[in-house]
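Next up is one chain by itself, shown in structure tokens, the form predicted on its own.
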Amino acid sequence: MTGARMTLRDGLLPAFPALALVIFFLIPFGIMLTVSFFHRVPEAFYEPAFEFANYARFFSPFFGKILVFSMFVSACAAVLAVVIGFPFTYFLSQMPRRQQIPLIVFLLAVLSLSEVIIGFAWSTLLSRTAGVSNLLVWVGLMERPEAFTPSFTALLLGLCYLGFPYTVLVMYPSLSRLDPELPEAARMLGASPMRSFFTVIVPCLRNTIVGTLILVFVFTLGAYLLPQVLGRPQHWTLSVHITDQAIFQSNLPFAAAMAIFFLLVSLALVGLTLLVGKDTETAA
């Protein structure tokens, strides 16, 4: 009897995550995929059909411009977050454990902030009335306060801030496990701390850097509120236009097609990240 119960339990354990995957992912994905082939009816909403017109719009200048800009701004944010986050994480990993804990807790606290709070906080910080321009006027670097938002720079800063904590938390395990004798050996051979950092530490963590770039790129690619709060309409990304097409343009089939494309691109990039991580484990 005990053996039968254990066999039943072992059979039910993998059934629960499989059932959750079907309910929360496969069924919604199937519905969205089906709707993406429907025909839009301007006077109504849409009607069941099987046509590729929504996917054909991917080759239009409208979609191409949105896709190129979305990938460009996300790539810039990912590069900026890694360029700032890599040395920050390296110095963090070199600190005593007692000093590391408050900074890591602070980063975890930043992760609890929603995109709404981050967007409006940066909007206030870059505004004319209560923003950083007033400080620049006070120190004499500007003649009068100016608003730095909405702009591409404001959007880039917001996305970088959004992805920075993830950058640090992803890179921290690899940097904390780095052999401290490597930079010491480089300095004993006459290399300066800066040179040993770029010629020893960075090459050793090349795959980690690439994986972090991909993860932050995918994460910022899905930002929805920041492009609307910190940018102009021409700075709207793919995720914003998906909502715009579904709600305001009443074009749910095209929105579903764009969402399918967005999901496939994200899954491909996540798969590439897993492949990079697998190569890292193999090399180790």
Partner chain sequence: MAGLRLEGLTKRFGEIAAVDHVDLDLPPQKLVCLLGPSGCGKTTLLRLIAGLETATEGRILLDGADLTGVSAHDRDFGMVFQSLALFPHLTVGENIAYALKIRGVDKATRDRRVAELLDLVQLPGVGERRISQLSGGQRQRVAIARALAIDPKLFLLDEPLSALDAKLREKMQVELRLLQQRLAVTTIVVTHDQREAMTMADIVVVMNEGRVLQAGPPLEIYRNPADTFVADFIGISNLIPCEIVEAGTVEVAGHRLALADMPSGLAEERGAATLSVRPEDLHVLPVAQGQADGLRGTVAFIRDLGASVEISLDCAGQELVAVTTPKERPAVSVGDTAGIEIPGDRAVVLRG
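It should be emphasised that the depicted structure is a prediction, and the values quoted were computed from it without experimental measurement. Residue numbers count along the first chain shown, from 1.
Separately, the form predicted together with the partner chain exists; it is not shown, and the next lines address it.
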| query | finding |
| --- | --- |
| Which of 164-172, 124-132, 180-188, 72-80 sits within 4.5 Å of the partner chain in the predicted complex, heavy atom basis | 180-188 |
| Partner contact for P193 in the predicted complex: the partner chain, 4.5 angstroms, heavy atom | yes |
| Distance check, V200 to the partner chain in the predicted complex, heavy atom within 4.5 Å | yes |
| is_contact(C204, the partner chain) in the predicted complex, heavy atom dist at most 4.5 Å | yes |
